[in-house]
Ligand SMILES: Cc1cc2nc3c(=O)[nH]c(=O)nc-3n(C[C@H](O)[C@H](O)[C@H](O)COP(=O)(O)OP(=O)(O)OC[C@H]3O[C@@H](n4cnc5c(N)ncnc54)[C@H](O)[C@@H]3O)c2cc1C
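Heads up, the chain below is alone and in the form predicted alone; it's given as structure tokens.
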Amino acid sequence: MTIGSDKQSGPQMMAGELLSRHTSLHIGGPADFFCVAYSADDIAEAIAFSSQRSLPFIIIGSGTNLLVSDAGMPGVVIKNATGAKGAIQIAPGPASGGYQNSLEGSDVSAFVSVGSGMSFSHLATELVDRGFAGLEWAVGIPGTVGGAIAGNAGAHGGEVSHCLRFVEVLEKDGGRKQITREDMLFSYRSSPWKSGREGERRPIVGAEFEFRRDSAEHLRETARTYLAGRRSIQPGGWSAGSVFRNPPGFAAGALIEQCGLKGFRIGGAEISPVHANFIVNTGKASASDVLALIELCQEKVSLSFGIELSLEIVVLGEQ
């Protein structure tokens, strides 16, 4: 059932939308209300909708790192597509003014602004093709820019926080505010949005990054190498990416494999025989199947190595 009217009047609210249609695991029950927000104003209207009805709300991106309850989600689920099809805005950086990029220590050549609902991989590919270095490791990584920021996505020694300049958030009163990288307290695969320090009351609606110039040909070759390596060791099919964060000095997948769990199944969920830090939906997995495998991995690794595995994916709803 659709509530509301056309695009001009704001986001369309759908009652009972299955969240399995909006997660890469293809798992998740119905949302009380669901909408796609194409702008910051859409997000503000959806939040107002929830407030007027005293309902909780949550904002998701493309659902690539989510495990949603079989029972679904109460309240309003807002899918952020802000800037999903928008342009990448590039402004010259002070390349000769001594402004230093925090990752490379090289002069910044450009400031790049995008909406938070844009595909992260699309942004990375566009920058590589235009000869801007800093996100070549992200080509092929799924999810949105906002999701990548919230999870401080990273690979091959790079992280989103290394090249992020600031985010633009939506305030409770509908206004917008810029928060600089230095004020966001990023950590390994986490940020104030994921850890709960910032919470979901101030949604990320946009971001500005800083990049340096490099050879597009060199960047494409680097991106191809990274992508080929990733594809060679990661499974296809329905998954939410790496389930656990790598403990300091260890690889979560290797620890799980040493416990003999590679290829182990519960219901329709399987610890991937390709990479043990991936849990794959073989076709009919439930959230409870995946959670049972998660708990099994944590229990076995703790007993065998005395290491507690922390989740990299986000679990939503009552399980």
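Just so we're on the same page, rigid core means the largest C-alpha set that superposes within 1.5 Å between forms. In case it trips you up, residue 1 is the first one in the sequence shown, and so on. For clarity, every value in this text was computed on a predicted model and none was experimentally measured.
Omitted from view is the form predicted together with the ligand, to which the following refers.
The partner is not drawn, yet in the model of the complex one stretch among 226 to 234, 171 to 179, 211 to 219, 245 to 253 has residues with heavy atoms inside 4.5 Å of the ligand: 226 to 234. Proximity of S20 to the ligand in the model of the complex falls outside the 4.5 Å heavy atom cutoff.
In the model of the complex, the ligand stays beyond 4.5 Å of every heavy atom belonging to A87. Remark: I60 counts among the residues lining the ligand in the model of the complex, judged by a heavy atom distance of 4.5 Å or less. Under a 4.5 angstroms non-hydrogen atom cutoff, the ligand in the model of the complex lacks A40 among its neighbouring residues.
The partner is absent here; in the model of the complex, the one residue of G93, G131, G154, P74 having a heavy atom within 4.5 Å of the ligand is G154. Taking a 4.5 Å heavy atom cutoff to the ligand in the model of the complex, the contacting residues in 282 to 317 are E312, V314. T82 shows a C-alpha shift of 2 Å or greater between the shown form and the other one [criterion: core-superposed Cα displacement of 2 Å].
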